[in-house]
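Quick heads-up: it's one chain on its own, the form predicted on its own, in structure tokens.
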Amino acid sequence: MSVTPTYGLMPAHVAIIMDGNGRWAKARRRPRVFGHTEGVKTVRKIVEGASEIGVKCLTLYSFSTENWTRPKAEIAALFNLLRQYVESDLATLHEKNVCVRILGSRSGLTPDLLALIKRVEETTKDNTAFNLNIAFNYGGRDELLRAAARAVADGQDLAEITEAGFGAYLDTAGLPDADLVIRTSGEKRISNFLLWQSAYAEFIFTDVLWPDFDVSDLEAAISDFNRRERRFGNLDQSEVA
């Protein structure tokens, strides 16, 4: 008999660095693109699973500003996978009331991809059941620079602006900061991901490669999250003199 897991406090915003597609493919003596293709299948499972268990916002790191140094064929394949995912899943995501936002710079993206991004964001902008952010051509430092430039262009004085005011210029404006950041594949670094939004996030690093990551791994990460004491810079009351 299936039993619904008890998670305790559900993180409102879960962010995942999807890592390990290439190593997964190499272990099977297949090209890296095969790993990325399998990784998209995992995206579908985790998006659906996260929504079902009560997460309200999910951010997936799919292509960084540093990934431009990869072989051109791999970059083209990654861009094509984004096109395929959006084209094939947009209707379903919209039907399920999912708001989709593409985080990151638009610099270097092809006109057809820019048009596709605009279409998916316009189509789903009023949806409210679940927020799906895809960080594509994204870098945390680049986001902060772009946000500062927008604030200045808007007449803001950066010497006087508040954190809340600055946050309104970020790619994630209007969304909660990340509560939980997960990185797959065993690497233990944040790779320029959500530098502002993860200031007080809990981090979980798992050895599972992204194509093998499933909802049970997400559930385990949330259970781990619930065993931690989040202090946000404060002392535990037992430590107060």
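Since the model is a prediction, treat every value here as computed from it, not as a measurement. Note that residue numbering follows the sequence shown and begins at 1.
Beyond what is shown, the protein has a form predicted in complex with a small molecule; the following relates to that form.
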Heavy atom distance at most 4.5 Å to the small molecule in the predicted bound form, all of 36, 61 and 183: yes
Given 46-54, 200-208, 183-191, 170-178, the stretch touching the small molecule in the predicted bound form at heavy atoms within 4.5 Å is 183-191
Residue 20 versus the small molecule, in the predicted bound form: is there a non-hydrogen atom within 4.5 Å? yes
Applying a 4.5 Å heavy atom distance criterion, does residue 142 contact the small molecule in the predicted bound form? no
Could you confirm whether residue 78 comes within 4.5 Å of the small molecule in the predicted bound form, counting heavy atoms only? yes
Quick one: does residue 74 come within 4.5 Å of the small molecule in the predicted bound form, counting heavy atoms only? yes
